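So this first bit is one chain, no partners, the form predicted alone, shown in structure tokens.
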């Protein structure tokens, strides 16, 4: 009997074959996912020729690549432009989407679901189908080559409205009704009751919307027509489309452009997970 108990303890202490396989599989997938980033970091320290040859060891050209990048690109300008578009766009997108999601869930009438279904139906329309009409509209109102033209089409994001409405389903109506009884207006109830209660939802949505604006390329490429309005994605594209692209410089530029989104995601990943779980309930 003691021998059997000892054997059972040893078996319990050993991981099962399925668990071992799961960890091995996760490690392999993680290695495949992380390798491009590792190669990008290595490439940023090498000259263009070594990057083209696939060199997988660190080089000594990091500072030279940074000096060349400063000569080719006005880094403070493109970072300032991108930060302005991203922060302003994220703020207004969250404001409009959260108000819409709140309104769709808190106020009931017979046309609500039809309008909501119509909004969801617009998600099926590819951006390429509305790109030319949008361009003509902004040309008519003389807003081409402006940051407003970049921000405005994405402010009323249907997917973010859908996300906020799903999250609002778990929000207590009694809080808003109590606020109305206490004399608060609808806007006061929204900003003082709803917004503080949905911090994790706002955090998750902010990460998604921030990354969308920061990485936007096609629409800014169409509407921004001068160098002083360039965003990061457009500057990277201009470097890679030259006759003799310097891959070391491009790799370094991509690292610099990616760093803010990585910092924000890792700083807010707990709120992101909590917000996504809340939206899925």
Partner chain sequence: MKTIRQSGLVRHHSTAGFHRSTGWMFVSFALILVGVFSIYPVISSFLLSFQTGRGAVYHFNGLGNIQRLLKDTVFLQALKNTFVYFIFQVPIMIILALTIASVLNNPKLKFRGFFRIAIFLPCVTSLVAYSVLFKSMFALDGLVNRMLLAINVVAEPIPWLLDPFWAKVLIIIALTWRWTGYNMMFYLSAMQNISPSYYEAARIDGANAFQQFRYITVPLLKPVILFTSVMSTIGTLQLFDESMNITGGGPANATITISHYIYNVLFRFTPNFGYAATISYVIVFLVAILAFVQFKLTGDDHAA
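Positions refer to the first chain, counted from 1. As the structure is a prediction and not an experimental result, all values here were calculated from the model.
Omitted here: the form predicted together with the partner chain. The next part is about that form.
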Answer option from 83, 72, 179, 99, heavy atom within 4.5 Å of the partner chain in the predicted bound form: 99
Partner-free chain; cross-checking the partner chain in the predicted bound form, the single residue of 203, 156, 88, 193 with a heavy atom within 4.5 Å is 156
Heavy atom distance at most 4.5 Å to the partner chain in the predicted bound form, all of 33, 104 and 125: yes
Against the partner chain in the predicted bound form, would residue 241 count as a contact residue? Criterion: heavy atoms within 4.5 Å. yes
Though only this chain appears here, would residue 271 touch the partner chain in the predicted bound form if you measure heavy atom gaps against 4.5 Å? no
Contact label in the predicted bound form: residue 68 to the partner chain, heavy atom within 4.5 Å: no
Residue-level contact is defined here as any heavy atom of the residue lying within 4.5 Å of the partner chain in the predicted bound form; does residue 138 satisfy this criterion? yes
Those residues of 100-119 which, in the predicted bound form, come within 4.5 Å of the partner chain by heavy atom: 100, 102, 103, 104, 107, 109, 111, 112, 115, 118, 119
